[in-house]
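The data below hold one chain only, encoded as C-alpha cells and taken in the form predicted on its own.
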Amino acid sequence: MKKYLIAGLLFLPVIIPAHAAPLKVAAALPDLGSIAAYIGGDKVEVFSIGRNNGNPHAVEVLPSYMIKVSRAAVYLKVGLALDQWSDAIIDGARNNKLITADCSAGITPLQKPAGKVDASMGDVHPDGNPHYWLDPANGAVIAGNVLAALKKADPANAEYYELNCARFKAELARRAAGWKAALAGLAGQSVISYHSSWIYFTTAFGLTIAGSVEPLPGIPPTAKHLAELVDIIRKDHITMLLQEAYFPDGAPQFLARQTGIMVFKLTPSCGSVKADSYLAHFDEIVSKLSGR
C-alpha cells in the first residue's frame, strides 16, 4: 500500500510559490522614474508619462495614460505647478488605491516670485522654478520622497528600498564631486539660456545666467530682445548658450552667427527610466560643457 501511495504522489502537480508582481510606478518625468527604478530595483516596474525630448510644461493628456495609471500603485509628480497635466491623468485614472507623491516636497525653490503672479509675467510659476531635479543635491531629496512612497505602497519590502536609497545617495554624492571638479574651470562664468530650465544646474555648479532667449518664460523672442542679447554676449564675453532640444533653432543660431557663441542643445530630462539614467544624464551634460 505504501508503495502505491508513493507512486501516486509522484504524479501530483508541483506547486511553486508565486512571486509577487512588481509594483507599478508611474512617473511624470523620466528623472523621477529613473530614481524610482534605482531604489525599487526588481521590486518595481516603472514607466514615465513625459519624455525627455518633449516640453514638460505641455504634455498631452491621453486616455492611454489614464489606463496605465489606473493599474499603478504609485504616481510620482514633479510638483511646483509644472505638471498640472498629471492631475488630469490621475483624476481620469479613477484609481482609489493610487499613492501620489509630490517629489518637490522638501525642495527649496529658486526664482519664487515675491508678489502677485499674472499673465503679463509669462509662464512664471508662483511656487518657484520647477526644474529642481537638475541640481544633484535635489536628487537626494527626490530619492527620499520616492522612498517614502514605495514604503507606503509596499511595506513588506521597506528594508530593501531603504538600502537601495542609501546606495543611490552615496553614488550620487560621489559622482557629484566629480561633476563639480570637471566644471570647476567654468565656475563664475555667465551663460545664456533659452528657457528657465537651467537655474538649478547653473547655481549648483557656480555658473550665472546673464539672460535668456525668451524675454519672459514661454514667450518667443522679438528682434529687439535678440539685439539686446547680442550686446550682452559681446560685452560680457559669454561663450555658451544652453538650448533645450525641443525649442526651435532660429534664435540661438542667429545669436551664434552674430557673436560666435557656442550653442549646446541639451535635454533637461534624462533619456529613460532605467536605474542609471538620471546619473548618466549629468555625465552627458558635464562632458559636453567641459569638453571632456
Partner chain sequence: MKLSALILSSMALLCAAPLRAGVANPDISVIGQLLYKYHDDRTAEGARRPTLDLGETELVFDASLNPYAKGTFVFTAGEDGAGVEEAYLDVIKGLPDGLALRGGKYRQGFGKLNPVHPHAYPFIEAPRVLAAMLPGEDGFNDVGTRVSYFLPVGWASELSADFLKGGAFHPDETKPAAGGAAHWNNSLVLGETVPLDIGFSAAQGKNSVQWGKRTAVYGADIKTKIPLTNFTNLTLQGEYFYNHSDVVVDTTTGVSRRMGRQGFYAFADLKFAQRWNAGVIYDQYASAGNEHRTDRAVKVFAGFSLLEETTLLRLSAEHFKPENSPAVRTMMLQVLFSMGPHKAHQF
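Residue numbers count along the first chain shown, from 1. Because the structure is predicted, anything quoted here is derived from the model rather than measured.
Just so you know, the form predicted in complex with the partner chain exists too; it's not on screen, but the next bit is about it.
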Margin query: Contact with the partner chain in the predicted complex for T259, defined as at least one heavy atom pair within 4.5 Å: yes or no?
Written below: no
Margin query: My question is simply whether R234 lines the interface with the partner chain in the predicted complex - judged by any non-hydrogen atom within 4.5 Å.
Written below: no
Note to self: Is R174 part of the interface with the partner chain in the predicted complex - any heavy atom within 4.5 Å?
What the structure shows: no
Note to self: Is N157 part of the interface with the partner chain in the predicted complex - any heavy atom within 4.5 Å?
What the structure shows: no
Next item on the list: Work out which of the listed stretches, 126 to 134, 92 to 100, 176 to 184, 149 to 157, brings a heavy atom within 4.5 angstroms of the partner chain in the predicted complex.
Entry: 92 to 100
Notebook entry, point to check: Quick check: do L62, R71 and W85 each get a heavy atom within 4.5 Å of the partner chain in the predicted complex?
Noted result: yes
Notebook entry, point to check: Which of these residues, I219, A105, I209, A166, gets a heavy atom within 4.5 Å of the partner chain in the predicted complex?
Noted result: I219
Next item on the list: Sequence order please: the residues of 34 to 51 with a heavy atom within 4.5 Å of the partner chain in the predicted complex.
Entry: R51
